[in-house]
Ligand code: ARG
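Given next, in structure tokens, is a single chain: the form predicted on its own.
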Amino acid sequence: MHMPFLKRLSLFLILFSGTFLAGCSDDKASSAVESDKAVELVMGTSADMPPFEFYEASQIVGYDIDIAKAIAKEIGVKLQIRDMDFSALIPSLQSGRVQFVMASMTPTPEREKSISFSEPYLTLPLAAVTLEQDIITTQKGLSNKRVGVQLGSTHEQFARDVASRDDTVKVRSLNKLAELIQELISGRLDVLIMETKTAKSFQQVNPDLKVAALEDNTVSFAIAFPKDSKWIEKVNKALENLQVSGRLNAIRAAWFSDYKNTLSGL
């Protein structure tokens, strides 16, 4: 016996309404779950540059780390930190293994061909580290010296530029700053080039090291991103907010007891 048309139509509308409402409920639930999932950004670093990024027990700590955490909180994302060799940082950005890099990295025209940078968040002098009583304060002082630098760093480019004008300067690049310090102490290198605050941190552990700022040579640090990343604008805004609120100065004061917003030296 066939069901009358009007009854069949009524039954269809009831079933359709139930399905539609259930679908709406599922969609809302799904949206709620998605909204509860905080975005996680993976940051690449090279944790061998105290006081910027280094290991304390099993934790990576430092000035750059605290800045990164403050930025993540400001823009409302979770933060994961991944340690690697400095020379692997840019390839990791390009491959998508990390979303940004903080590792005392300096913007250069060559780097900006393949990656993008935030506004600089710190500028400091370069330092020459030696074991000699006669400290080095000028590029000319690097003549007839075996110069050690970190592989892939702007310090390496600086040293190689000097060597291109003075063939008595011999440059050696290694992955880790601790390895360079050991090479200097063992007498296989004469001088290391690095950022001043990192040099002073190594000096605290090795009092025999002599540290001097190289005249008229500074480095600026910025946050690196894949080319034209959508996060650059948000991070720049976060840095601006942290500066206005005083949070950036508080982090600097915590890590650099002698920090002043000048380039007056060590």
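Since the model is a prediction, treat every value here as computed from it, not as a measurement. Position 1 is the first residue in the sequence shown; the rest follow in order.
The next section is about a form of this same protein that is not shown, the form predicted together with this ligand.
- Residue 154 belongs to the set of residues with a heavy atom inside 4.5 Å of this ligand in the predicted bound form.
- The shortest heavy atom separation between residue 137 and this ligand in the predicted bound form exceeds 4.5 Å.
- In the predicted bound form, this ligand sits within 4.5 Å of a heavy atom belonging to residue 104.
- Contact annotation for residue 100: none of its heavy atoms lies within 4.5 Å of this ligand in the predicted bound form.
- Residue heavy atoms within 4.5 Å of this ligand in the predicted bound form occur in exactly one stretch of 46 to 54, 210 to 218, 237 to 245, 66 to 74, and that stretch is 46 to 54.
- Scanning 167 to 181 for heavy atoms within 4.5 Å of this ligand in the predicted bound form gives just one residue, 177.
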